[in-house]
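One chain is shown next in structure tokens, namely the form predicted alone.
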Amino acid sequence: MLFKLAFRNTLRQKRRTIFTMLTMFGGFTLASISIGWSDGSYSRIINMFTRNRLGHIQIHAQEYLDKPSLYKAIDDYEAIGQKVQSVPGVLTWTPRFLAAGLASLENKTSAVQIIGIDPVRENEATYFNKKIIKGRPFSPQPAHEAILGKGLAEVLHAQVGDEIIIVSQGADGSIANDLFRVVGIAASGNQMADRTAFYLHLSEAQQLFVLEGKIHEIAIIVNKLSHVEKITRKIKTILDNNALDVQPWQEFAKSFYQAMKADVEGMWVMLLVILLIVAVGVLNTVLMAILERTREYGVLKALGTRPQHIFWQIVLEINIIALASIVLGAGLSLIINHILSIHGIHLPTSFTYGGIEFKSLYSAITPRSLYIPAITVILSATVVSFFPALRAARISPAKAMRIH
């Protein structure tokens, strides 16, 4: 009976009901699009930062992340990789050799980070072959070839076909120097990394630094980003090696992760603002309704209606309007988020986040983009309706019926 009365009351003043519904509908839709936009943008940023470059999980020698060193290398990485590959949820892995050196071309010299990669595994893990913007990928077999980051190629004024001299120090203390021919120029999306990136075939990097059979990093790609922590724990268990340090991307890219968390916290501030807008709009409408229907509530109490029935009738009225607003808002926000997830919005000027340049942003359809706004609207509407409902329930019948 209470629900039926509440439903009928929402239809009595259609204009007021529509205005209240529009307030909630607008708040839900705005919150849903904002969350979908945030989730889509961050998912794309994380994907570019991990899936396309660093990997979701990395394995290093102990203390390498704290203080990288040429001598903190991993032995027998093939056996480690086979164990990692056997863990459910792991898609692939790739070894990397990391060192520093100087690259010279004619009268140009620049400090570089030498990155030795296994071309086949790197292509499978991070799509390295798709990052080549000029020239071609590595040959299947080592052939004294190098691929330069886009920024490094600009600094050295290097072109495909040029020969570059690398000078550094080997693990045995000898001078590590050799000549490599540029076969390609790569753009990883990270301008800072591309400024120093000098890619070599893994075996040639090992030979150059007299560290045959050793690497410094194993990058691991998993099937789902949400499973990273669980898979990290499984890898630690299956390796059971205190000399190895297994870390998820949140650890080896901590500065990026903390910056992203700070931005996400800003989203909750925005949701609080939306909640306040909805709450004020609902409170204003409900108070007006109570004032207009004061005589009605007085008559109900005079006829013996219990105060709690009046209280819950008003709360139900607001929640019926809120549920209708959520249904309509969910339909519209799904359509908008779907369109934005496909086409995105191209920015008039690009921006850089975590060293990665973005020219467009995309939305995403996620459960969070529906249930968080729904809870927000229901809670704000319910809480705000308590005070007017309590006032109506406590009204004096004699005083209320004298009001015209």
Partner chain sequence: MVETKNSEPLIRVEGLRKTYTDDGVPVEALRGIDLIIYPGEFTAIVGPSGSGKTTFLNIISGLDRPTEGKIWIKGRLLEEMSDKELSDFRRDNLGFIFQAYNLIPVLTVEENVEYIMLLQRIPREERKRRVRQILKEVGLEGFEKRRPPQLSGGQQQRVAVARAMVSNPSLILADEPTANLDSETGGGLLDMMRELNKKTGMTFIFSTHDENVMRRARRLIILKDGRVAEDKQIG
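Residue numbers count along the first chain shown, from 1. Treat the numbers as computed from the prediction; the structure is a model and nothing was measured.
What follows is about the form predicted in complex with its partner chain, which we do not show.
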item: 4.5 Å heavy atom contact, residue 303 and its partner chain in the predicted bound form; value: yes
item: In the predicted bound form, residue 295 touching its partner chain (heavy atom, 4.5 Å); value: yes
item: Its partner chain contact at residue 272 in the predicted bound form, heavy atom, 4.5 Å; value: no
item: Heavy atom of residue 382 within 4.5 Å of its partner chain in the predicted bound form; value: no
item: Segment that reaches its partner chain in the predicted bound form - one of 108-116, 304-312, 280-288, 128-136, heavy atoms within 4.5 Å; value: 304-312
item: Contact test, all of 83, 91 and 254, partner its partner chain in the predicted bound form, heavy atom 4.5 Å; value: no
item: Candidate from 299, 210, 323, 259 lying within 4.5 Å of its partner chain in the predicted bound form - any heavy atom; value: 299
